[in-house]
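The chain below stands alone, shown as C-alpha cells; this is the form predicted on its own.
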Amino acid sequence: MKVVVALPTRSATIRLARRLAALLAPGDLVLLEGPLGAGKTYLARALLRALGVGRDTRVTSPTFALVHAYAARLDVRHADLYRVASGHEVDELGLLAARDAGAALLVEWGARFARELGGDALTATLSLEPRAVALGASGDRSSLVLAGLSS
C-alpha cells in the first residue's frame, strides 16, 4: 500500500510529522528519500520536535557527522547515508545495534541500505513538484504505522 500526502506548506509537513510521531515506537525505521532540497531534513526536524526534542537543541542534517543522537519520547538516531558507499560502512555506524537496543532510526538516503538497517521500514519519498511525500511500508510493523497515517 502507498499513501501520498500533499505537503504544499511547512505547516502541512509539521502536521504529518506530528501524526507520525504519535505512531512511532522503539525500534522503528523511517527512511527519508527524495532529491536535494525536497525537505528530508525539514521533515526529520519536525518529527524530532514532535517527539519532544526541544527548540534549544539544534537539529541539522548529519551529512558530515553521519549520525546524530537525540533523547526524546523515544531514543532516536538521525542519520544521513548520502556519502556512505557500502553496507560495511553502515554496519560500522552502529545503527542496527542502536535499533536493536530500542532506538528509532530516521535515515536520509537510506533505502539502498534497508537490509543493513534491519528492514521493515516506513519509506517517505519526498518530491519537489508537486511538494508531496509518498509513503510505503516494507514489513508488518511499518505497515501498521502506514495504516495509522492513512486513517
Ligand SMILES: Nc1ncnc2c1ncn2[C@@H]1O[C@H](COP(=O)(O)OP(=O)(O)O)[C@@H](O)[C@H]1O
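From 1 onward, residues are counted along the sequence shown. Since the structure is predicted, the reported quantities are computational estimates derived from the model, not experimental observations.
The same protein also exists as the form predicted in complex with this ligand; that form is not shown, yet it is the one meant from here on.
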Quick one: does Leu149 come within 4.5 Å of this ligand in the predicted complex, counting heavy atoms only? no
Give a yes/no on whether Pro35 approaches this ligand to within 4.5 Å in the predicted complex, heavy atoms considered. yes
Taking this ligand as it sits in the predicted complex, is Gly27 in contact with it (heavy atom to heavy atom, 4.5 Å or less)? no
With the partner left out here, check for me: in the predicted complex, does some heavy atom of Phe113 sit within 4.5 Å of this ligand? no
Given a 4.5 Å cut-off on heavy atoms, tell me which of 88-96, 41-49, 113-121, 65-73 is the interface stretch with this ligand in the predicted complex. 41-49
This ligand in the predicted complex - contacting residues of 1-31, heavy atom within 4.5 Å: Leu7, Pro8, Thr9, Arg10, Thr13
